[in-house]
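Given as structure tokens, the chain that follows is alone and in the form predicted alone.
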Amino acid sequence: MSNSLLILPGDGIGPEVMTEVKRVIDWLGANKGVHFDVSEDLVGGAAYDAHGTPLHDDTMAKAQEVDAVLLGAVGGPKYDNLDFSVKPERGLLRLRKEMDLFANLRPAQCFDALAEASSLKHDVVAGLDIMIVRELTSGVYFGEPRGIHTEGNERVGINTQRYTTSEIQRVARSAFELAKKRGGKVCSMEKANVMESGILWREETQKIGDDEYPEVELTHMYADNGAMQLVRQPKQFDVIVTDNLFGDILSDIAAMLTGSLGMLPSASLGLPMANGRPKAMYEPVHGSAPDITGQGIANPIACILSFAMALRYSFDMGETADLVENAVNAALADGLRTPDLMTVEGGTKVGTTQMTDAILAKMSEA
């Protein structure tokens, strides 16, 4: 079976960190005989500059055909005044929606070498390993009606939170399946105390747990309390499943527990294709970081770890994913730090390319 991969570097530091991922891909081909059929295209502001749209139809068609999409980042101040319909982020949302990537996996793992980089105390975050599963294709970001209207003398902004039984059940199953391979616990977060969509979310998640996954421990928590608990006692969680809006917020909170957004990968998965592999897109959690673009100091680790997630979830190459992840851990253990990680005392500051050099060296030693 061929391993097809569409690379969409995007904007800002996206092309810089994606260059480092391509070095990892090349290393695997040269040293492990692991080859990928790689194509590349534009998304976000780069696509708008070339085509007047943040995602060309041809690119969307390519994304539907490959085994996995790897995306860098989109956006930047250059595009702030564009009409909402053609902002760079709309390209990303179109990919998620049309590929039906309903389960967004965001691991928050604190590497031992970076425990001191967290804003929380060492003992609170050391050994942290949680997975947030965010519903990605429905909820308030896609619900109708939406828009800005005039009512009398007032302007009114409207967004609709909407979920169906099937939308909730399929993302809940994704969370339960992950928990079976991890710590056996799922915490579902919503606002059932004030939102009808939250009541439905809680009821349907409980039904899936009772009927299909009795061996997994299921608890429920209001999302605002969940945010507090993430910074109070994050290691109480194994897998968290939540809706689109709350997942966006909670995963960024979890991100900072690890010390830097530059460390965190993500996977967005859909239903299996004809070859049995899931529709999939992988991307770092961080944004395009226009303030450091072109300086050679961006942290490539989140993008490299996103590729490792592709190895694991799309290509069934768990051992190869372990090789990459262990090499990242070893490079950090040696004290190498991109500038975003220099809050840890005693680290050696390195740039984007030098960090990847170290990771590839560790892969060669393994």
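From a predicted model like this one, the values you see are computed outputs, not experimental measurements. Don't overthink the numbering: it's just position in the shown sequence, from 1.
As for the form predicted together with 3-isopropylmalic acid (IPM), it is not shown, yet the points below apply to it.
The candidate spot formed by R96, R134 and Y141 is fully in contact with 3-isopropylmalic acid (IPM) in the model of the complex: every one of the three has a heavy atom within 4.5 Å. Scanning L250, L92, A117, A179 against 3-isopropylmalic acid (IPM) in the model of the complex with a 4.5 Å heavy atom cut-off leaves one residue, L92. Comment: 3-isopropylmalic acid (IPM) is not present in this chain, but in the model of the complex one of R106, R277, R202, K87 has a heavy atom within 4.5 Å of it, namely R106.
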